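Only one chain is given next, in structure tokens, and it is the form predicted alone.
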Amino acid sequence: MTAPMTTTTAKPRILTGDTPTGQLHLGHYVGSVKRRVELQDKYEAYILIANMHAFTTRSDKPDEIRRDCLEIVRDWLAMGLEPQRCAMVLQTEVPAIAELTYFFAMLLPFNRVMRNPTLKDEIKVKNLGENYSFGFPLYAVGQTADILAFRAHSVPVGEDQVPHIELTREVARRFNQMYCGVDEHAEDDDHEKLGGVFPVPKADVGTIGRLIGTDGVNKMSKSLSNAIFITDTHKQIKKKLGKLYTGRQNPTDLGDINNALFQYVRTFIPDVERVKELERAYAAGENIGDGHIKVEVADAINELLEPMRERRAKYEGDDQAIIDILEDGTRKANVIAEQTLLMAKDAAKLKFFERDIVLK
């Protein structure tokens, strides 16, 4: 068993996480995981594996989802999250989340859920058409329960997840107004001190809200085969970046420093002066080729990923160590989530008995 993380009530709380769909990539790292690493000491941090959400489109692949849950934890550890500093939580072992999801579904009109732009984009990207389960739009409500079960004050997310946070903010306000007597004109930051069960959480978007994939067009995504993974070798990184389209015809053309290549330059080359020099030379049409810059970016990415690959290798093949980490974090999560559920039931006149949910 891993050493349990230190418990504190003095810090504000964050909740964030990932749906297990395979290994994480650079887009996940710069979009949200890097920010989580920065915040894990400043906040009481809960990092959730949303494995039930994975069933909304892959319910016929339980073995894959279980495998992906463990792989994501390996990626988190590799990227710098530490179980002594944050709680890594398995969604399906926190029953209060499912109860709150059902409750919150009563507070949201169906058409409001379906207007969620992230949900609409996923239906389009995944080519679901009308062929999706009832649980698929319900997961948008479930995400509000993921966050509010922990009474989180802030949610580190990528840019594409901001609409989910706005839906969560609506649910928190509505619950607090309907069942706790919080005035509808109250400031969001005042809801708790006015008697609301839930804080109105804020989205915390990383400096790179949306990393373009190696196709140079779409957001980085495993499903689009345009992703760089932390397990990729230096050679694989160079090969993937070599395909990055910039639209530039030859090295003496005036270059657009707002293209996909220069998003990578600014994101991964740590030397600010070197970045400025590359921007100047590229924009001026000096004899500097895309290929040269791609190699330089690949070197910088490899330098970033090398220690991650080393950390990840320590956990390869040891599923029990990963499960132990999840058990420790989930045990702590259940304490908070059960307390939240009790408060919510009490406010809505649904509390009749006391109960405890604990892991054996």
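Start at 1 and count along the sequence shown; that's the residue number. None of these values were measured; they are calculated from a predicted model.
Same protein, other form: the form predicted in complex with a small molecule, not shown, and the subject of what follows.
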In the model of the complex, the residue from Ile325, Ala298, Val30, Ala50 with a non-hydrogen atom within 4.5 Å of the small molecule is Ala50
Would Val265 show up as a contact with the small molecule in the model of the complex if we use heavy atoms at 4.5 Å?
no
Residue-level contact is defined here as any heavy atom of the residue lying within 4.5 Å of the small molecule in the model of the complex; does Asp75 satisfy this criterion?
no
So, in the model of the complex, is Gln143 in contact with the small molecule at a 4.5 angstroms heavy atom limit?
yes
Considering only heavy atoms, tell me if Leu15 and the small molecule come within 4.5 Å of each other in the model of the complex.
yes
If contact means any heavy atom within 4.5 Å, which of 143-151, 231-239, 78-86, 129-137 contacts the small molecule in the model of the complex?
143-151
